[in-house]
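Coming up is one lone chain in structure tokens, specifically the form predicted on its own.
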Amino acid sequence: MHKWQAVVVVLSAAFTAQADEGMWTFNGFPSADVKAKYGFQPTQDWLDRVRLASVRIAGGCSASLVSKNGLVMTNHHCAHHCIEQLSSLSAKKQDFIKNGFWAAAPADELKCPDMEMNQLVQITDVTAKVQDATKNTPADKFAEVQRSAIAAIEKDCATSDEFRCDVVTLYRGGRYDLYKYQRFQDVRLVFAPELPIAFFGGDPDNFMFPRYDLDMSFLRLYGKDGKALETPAFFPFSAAGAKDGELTFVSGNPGGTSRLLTVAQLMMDRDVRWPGTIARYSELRGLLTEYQLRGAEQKRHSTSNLFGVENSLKAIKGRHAALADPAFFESFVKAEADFRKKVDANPKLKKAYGGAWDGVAAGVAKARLLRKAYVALEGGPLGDLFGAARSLVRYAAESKKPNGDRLREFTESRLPQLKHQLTGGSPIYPELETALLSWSLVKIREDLGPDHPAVKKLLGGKSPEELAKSLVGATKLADKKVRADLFTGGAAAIEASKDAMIEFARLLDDDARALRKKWEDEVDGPIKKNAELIAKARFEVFGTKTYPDATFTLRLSYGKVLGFSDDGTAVAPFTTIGGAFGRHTGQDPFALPKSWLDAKAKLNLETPFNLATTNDIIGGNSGSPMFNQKAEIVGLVFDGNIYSLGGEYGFDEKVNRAVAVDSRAIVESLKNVYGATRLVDELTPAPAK
């Protein structure tokens, strides 16, 4: 049996949750359903405490508060960029990726140059405000009008730089909620193990189970007074851990799912989006693999890039395989046909919503025509230097406009994060920048053709390799002071700049902006307008007691510890520390670090290492806390199994599994491998007498 046949789910037209399915919003969590199945009903107080103890890494991961002193737990791969940066910035050029990091005293905790964390403090329904603003708006103006309305709502909410406010689109436009976050930008590294144990098994084991990974790290939030933040809401560690069959919860920020897309959109993913992305990422993986062979330093500072590409590539291949399975895809076709029949059977609903699917399909048809150019120009050349240059050039232009007319990433509520990224001390690696810029320029020329006006303008008669080398060599944007001065100086300073990379970004900007506007008018607008109508139809036909697609916003899932059958082979839900030593070969990626080999005699080899549960997760849930009904940590989510890759489009409790580091392995390794007693005492304080 093909693996993806096992992931086929019965997608009822009602889109109602099956089994433990669902990434639920905190203001729509089905507590009564949990009680009916597991005998425990989360109260509002419980939900509020869990929400405040959960935090989001703005760059794309989840995390949690695990002590009253601002201690944050997340994955090693979520903190990898910070760890790599601090290695480059350390006075002794220490390699914290290879050797790990441990702040034995509070003064040793090191600030991450550009990391931001967000804590969700308030959720407000703003559906009426958003939908009223776009009422009777034509499709080609819909995205523009909606963007302006959302910007106004976010601006009113973000009363200072300490807060971030996002209007979140739910149910593909059926509901809009305003999420208000507390923003934290003083984030310091406390502990990280060595990469060989944090990513034990490497890419061959990625999205597999059994696993033996210590994919964890600890950071700490600091206040404006320079002191560790007091955090009353946090997850204590469970002393007993979880057992087989036990109820588990995961709170985190799943990046995105596509379970409510139309068939036309799914066909776009299957036939255009994923095949093109797979080809692109495969080439980029080859480039980075070659780059790593240039030397130890090149390998050190490009590992996070390679991991990100390999992880994304494997995930996207899984999504494409799911959609390419005929039975899986046919379930969507049938569900949509059944849904449309119900709408068409009611004259009132047919008049209001009957044409919405065709409206989405028209937007998708435009996307097929524009996608290649849009990815090339608006996606743009790669590299931190070009990214900084484009941000500065666009900030200069956007800052002059009314808030509602700006590109969304430059609205006032988002400027604090932009400033933090631009003015932080993130190190730049010129050789890597040259390699990425050169490769991406080759791809732009390949995709658009050498005679395309934008290509001629960008290259100016030079080869991509020659141009990339000259730009990286001439720009001063690697200096954080230069970036900070330009940002602080605003439009006048940026427009007066003759920096080579900024002038290069200017060359591309008019063409990219024009294409973005065309995409907004002809693709985004029609799809958003009609998706909103489909969402309203769904509510009228089936009700509202279901979960929306994931949107990289805080969600809560429930499930249980449970093994699964892998092509007829029973897979137990737990692995042990002893199993990691049995898997050790001495050769990467199955080589345990020396610290673990030296500590073997001190370790309890029966300690559970990784565990699998039926919690519904997706990319973005990395770093999420896994906890029991007492809101005690029993695990740290870092992966899913191979069947979970189809979770972009559907969920099957029989085989979809979330994979986590067991809380007992975390404590055991901190205590008996790393001697991190200060951290162990903070995670597992002695009971008050």
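Because the structure is predicted, anything quoted here is derived from the model rather than measured. The first residue of the shown sequence is 1; numbering continues from there.
Keep in mind that the form predicted in complex with another copy of the chain is missing from the display, and what follows is about it.
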{"item": "Close approach of residue 294 to another copy of the chain in the model of the complex, 4.5 Å, heavy atom", "value": "yes"}
{"item": "Non-hydrogen atom contact residue 565 with another copy of the chain in the model of the complex at 4.5 angstroms", "value": "no"}
{"item": "Another copy of the chain contact in the model of the complex: residue 590, any heavy atom under 4.5 Å", "value": "yes"}
{"item": "4.5 Å heavy atom contact, residue 172 to another copy of the chain in the model of the complex", "value": "no"}
{"item": "Proximity to another copy of the chain in the model of the complex, single hit among 517, 481, 368, 341 (heavy atom within 4.5 Å)", "value": "368"}
{"item": "Listed residue (544, 463, 122, 470) with a non-hydrogen atom within 4.5 angstroms of another copy of the chain in the model of the complex", "value": "463"}
{"item": "Segment assignment from 74 to 82, 96 to 104, 447 to 455, 219 to 227: heavy atom within 4.5 Å of another copy of the chain in the model of the complex", "value": "447 to 455"}
{"item": "Partner contacts in the model of the complex for 278 to 292 (non-hydrogen atom within 4.5 angstroms of another copy of the chain)", "value": "278, 279, 282, 283, 285, 286, 287, 289, 290, 291"}
